[in-house]
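Given next, in structure tokens, is a single chain: the form predicted alone.
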Amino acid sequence: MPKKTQITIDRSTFDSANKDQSKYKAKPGLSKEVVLEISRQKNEPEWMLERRLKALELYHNTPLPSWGPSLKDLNLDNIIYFVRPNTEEAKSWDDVPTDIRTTFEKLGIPEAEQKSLSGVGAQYDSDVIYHKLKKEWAAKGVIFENMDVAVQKYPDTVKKYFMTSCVPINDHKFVMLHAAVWSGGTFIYVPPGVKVDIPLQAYFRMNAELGGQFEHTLIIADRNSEVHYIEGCSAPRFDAKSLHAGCVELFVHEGSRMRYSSIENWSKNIYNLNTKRALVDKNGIVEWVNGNMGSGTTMLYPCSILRGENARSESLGIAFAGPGQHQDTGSKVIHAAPDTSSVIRSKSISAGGGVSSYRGLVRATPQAKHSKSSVTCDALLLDDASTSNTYPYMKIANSDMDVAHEARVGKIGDEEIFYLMSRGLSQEEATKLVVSGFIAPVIKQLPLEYAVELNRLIELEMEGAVG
């Protein structure tokens, strides 16, 4: 179990003019002063500040990606990188400020906690404002903390895992940005042999215009343990472009099993440039379940690195692209050990001129003998104005491996709609029924409350795209 410690740091290296938090005013743009201020306000250890500053240096020297959706309208100098909600983290829902509590109550967070969750965290802009783990799991040694709190309580464990072997700070430009300005997020540790059979959830809300959100999720499933984590995301609609560049690091140790479910429903002014990755050891299993919609531009490719013998990865995702949206999503798997296996199932829906793209990678090293990988991409077009693209990439460095890839693109045909309408359905109802059948494999993998919510969100997106 991670050792609990308390750290205090001499911040004498900081500019004395910034000693008073009240003097700090959030403003657009990224600088060394912003990074220093984030670290100062969080009273971080020196090693974390050093990691932030190194990432900032790398970020400034690295160009934007030259592939994928266009980022030309994303003005990074206009983003506010640290937006605090002016409240402390609460352990009781009644202690959360009324305006913030009302926002989350509309999203159903308190109700979900009572009905079907082992613990809940809620983040508003740059800070976690509520966090709670049920006593039965705390008694078994499960840790479920705000990531900022974990840096203080469990510094040795965080230092060992945070942005080192899974997602190093030099991975790509938006990882570098994240490492420099990250704030909030979730830390979970499940002890050996403990099976958390009721999900843990965190919900992230971006509420500030021109704001950026950079939460960090670090989950460690120790040997022969199990955990299911659910992440929900949303934001109000603004005209100005905003940025979400979170990071997820999953450590699936020997014989453990982890499911990571995510429903991201950002508003269309958001660039969702998230990074998610898992390291899977011997006999470990990671399962990704993803629903992506809402954001104007998404670049998101959950990745599994199967580094232990007989490790397994399963990825199931659905993306919806409506008017003015480009959902560039997919999955990556790296087979780095023998007898590993992976399954990728990707589904997309395009309507109203939306663009959906599958971008995936399967790589096998010479050590990955007797391994298997299966990739299936299904795309559904609801009209002639929409687009679906597939960009698969496979690099197999041994001849003793089974690899399969299948891609299908289809439209809702007039015959199917006519048949359903002849049975008494309206055209709108018939279309919804076909879409429901198309996304059913994803819906079945979610707890009931979240399955209902994802269905509802997709129906709303369809109404907006077709209406």
Partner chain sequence: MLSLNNLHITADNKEIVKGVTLNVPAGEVHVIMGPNGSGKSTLANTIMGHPKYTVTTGTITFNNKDITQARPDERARAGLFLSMQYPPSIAGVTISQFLRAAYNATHTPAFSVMEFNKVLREKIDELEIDRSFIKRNINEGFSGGEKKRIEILQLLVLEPRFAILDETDSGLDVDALKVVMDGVKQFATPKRGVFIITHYARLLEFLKPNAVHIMREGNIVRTDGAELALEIEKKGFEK
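Since the structure is predicted, the reported quantities are computational estimates derived from the model, not experimental observations. Positions refer to the first chain, counted from 1.
The form predicted in complex with its partner chain exists for this protein as well; it is not shown, and the discussion that follows is about that form.
- The partner is absent here; in the predicted complex, the one residue of 421, 64, 403, 409 having a heavy atom within 4.5 Å of its partner chain is 421.
- The single contact residue among 416, 57, 33, 46, judged by any heavy atom lying within 4.5 Å of its partner chain in the predicted complex, is 416.
- Interface membership of residue 398, defined by any non-hydrogen atom within 4.5 Å of its partner chain in the predicted complex, is ruled out.
- Its partner chain is not shown here, but in the predicted complex it comes within 4.5 Å of a heavy atom of residue 433.
- By the criterion of a heavy atom within 4.5 Å, residue 440 is counted among the residues contacting its partner chain in the predicted complex.
- Put simply, residue 70 is far from its partner chain in the predicted complex: not one heavy atom of it is within 4.5 Å.
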